[in-house]
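In structure tokens, one chain follows: the form predicted alone.
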Amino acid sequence: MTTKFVTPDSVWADIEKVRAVSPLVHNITNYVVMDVTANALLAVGASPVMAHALQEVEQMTTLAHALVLNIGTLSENWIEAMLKAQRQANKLNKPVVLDPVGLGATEYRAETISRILNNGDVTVIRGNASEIGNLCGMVAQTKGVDSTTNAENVIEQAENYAKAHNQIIAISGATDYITNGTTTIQVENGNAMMGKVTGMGCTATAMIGAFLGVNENAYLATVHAMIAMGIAGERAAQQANGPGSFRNLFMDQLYSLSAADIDSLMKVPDYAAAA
């Protein structure tokens, strides 16, 4: 019998935990998205910190509930900081979330992702379809940091990769797919307006970090984070006049998410059996 283990109640339970615990999410992320990422984490109830200096990343990682690595704007010092923080997170058994921004656009980005993956463990990798396709060894076209393919085209390869590497892969798109290689869940929440505001994907990655900070089941935490993001985006788009107002409304909707919102708006067409 199929166990419906992703439910509105399970999503809401994690949101309440995030608000109660206010997990510290250590983001080594890019210049473009720091503001929107930090404000989204605050809005949902988490505590963001952006610390990149080699002199402090280990100590900050020690304090944090989760570590988020984002390669959007690379420099050698930041890469070294990511590697150092990752090793510390692994040492302390803290979750690590990786966002392979623009993977497939340049050799430098591919080399950086390879260095991170060879450096230690990564719990969750979240990216768009082109980024995940390139991660899995496909020749997936990318336009800068934007995807030029659909999640449906790479999900089989993502499932195989997740199973082979014991990782969770989250693919963002019109429909989000989250897989651990054994179980794959589709999340159909969200709105096209989210693609018109820079940093929404990076924010989803950081949001996963927040939920990992309160739920030891990394797969469920990832699914719950993507559902919360999508619902907030849907509600914001209903009131927005364009991308500018959408961004502010998105923050408001994250802040005001309620159990009733989750219950009435969650779109997970087929709850999968627990792996």
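When you see a residue number, it is the position in the sequence shown, counting from 1. Treat the numbers as computed from the prediction; the structure is a model and nothing was measured.
Just so it is clear, the following notes concern the form predicted in complex with another copy of the chain, a form of the same protein that is not shown.
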Self-check item: Residue stretch of 126 to 134, 197 to 205, 86 to 94, 158 to 166 approaching another copy of the chain in the predicted bound form, non-hydrogen atom distance within 4.5 Å
Solution: 197 to 205
Exercise. Using a 4.5 Å heavy atom cut-off, state whether G213 contacts another copy of the chain in the predicted bound form.
Key: no
Self-check item: Contact test in the predicted bound form: P48 vs another copy of the chain, heavy atoms, 4.5 Å
Solution: yes
Quiz prompt | another copy of the chain contact in the predicted bound form: Q186, any heavy atom under 4.5 Å | solution = no
Quiz prompt | Residue contact check: A13 to another copy of the chain in the predicted bound form, 4.5 Å heavy atom | solution = no
Quiz item: Looking at another copy of the chain in the predicted bound form, which residues in 241 to 265 have at least one heavy atom within 4.5 Å of it?
Solution: N241, G242, P243, G244, S245, R247, N248, M251, D252, Y255
